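Read the single chain below, which is given as structure tokens and is the form predicted on its own.
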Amino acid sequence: MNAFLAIVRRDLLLAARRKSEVFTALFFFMIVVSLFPLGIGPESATLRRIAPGVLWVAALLAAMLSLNRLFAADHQDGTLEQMSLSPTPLALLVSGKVLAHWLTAGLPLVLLAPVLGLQFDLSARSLGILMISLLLGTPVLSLIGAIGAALTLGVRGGGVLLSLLVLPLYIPALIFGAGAVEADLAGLGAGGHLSLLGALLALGMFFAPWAATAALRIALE
């Protein structure tokens, strides 16, 4: 557990030194979300109808911006190889890197989304559901993205390949995350969608670190 916390702390310190990468994703999220009300117009009913999908797709794309750097720097400087040789299980260290990625790339989106949701005339209850769905869904994006980042590590043109690999896998999280807000807007209740998102998160937390670890060991051979 000390090694896990050390990896999280190390990656957070590295992210603090590269603030531009974090702010780039946030500004991308803000700009993409803000363009839709400007382009579609001030019709409240239309904005409320498209809000869940727009916010979730923008968050998904913003979270992807930093995926290709999840393991790349450690691979280039040899840190990843040292991690694989350490007595601490590599899967635990990978979990620490995924957590640090979510804290820098996912959590800021969760906190910013309700503010941007005001542009779409969402109610306070719907904004709360949106925040909960992103709180459950963005870790799933980081976990799935870690598998894609490990599979494309060291591959030329890996950024494009990474997008092609992970985007289809993001679809369930997108459907259930946006569907939770849509169900609440329709008065149907968001409990079912949020439960499925929680199940996806539980499965991802169990399987994704092991899958990413296997892919990293192949890349290091």
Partner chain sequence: MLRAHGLACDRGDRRLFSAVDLSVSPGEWLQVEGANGAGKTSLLRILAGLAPVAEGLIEWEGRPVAEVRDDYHARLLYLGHAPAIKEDLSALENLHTTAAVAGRPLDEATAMAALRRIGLKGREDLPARVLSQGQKRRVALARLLCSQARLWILDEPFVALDVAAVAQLCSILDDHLSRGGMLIFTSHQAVQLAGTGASLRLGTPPAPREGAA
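Remember, it's a predicted structure, so these values are computed and weren't measured experimentally. Numbering follows the first chain given and starts at 1.
Although not depicted, the form predicted together with its partner chain is the subject of the following passage.
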| item | value |
| --- | --- |
| Answer range among 115 to 123, 129 to 137, 100 to 108, 72 to 80 for contact with its partner chain, defined in the predicted complex as heavy atoms within 4.5 Å | 72 to 80 |
| Contact at R48, A58 and L61 by its partner chain in the predicted complex, all three, heavy atom at most 4.5 Å | no |
| Residue contact check: L14 to its partner chain in the predicted complex, 4.5 Å heavy atom | yes |
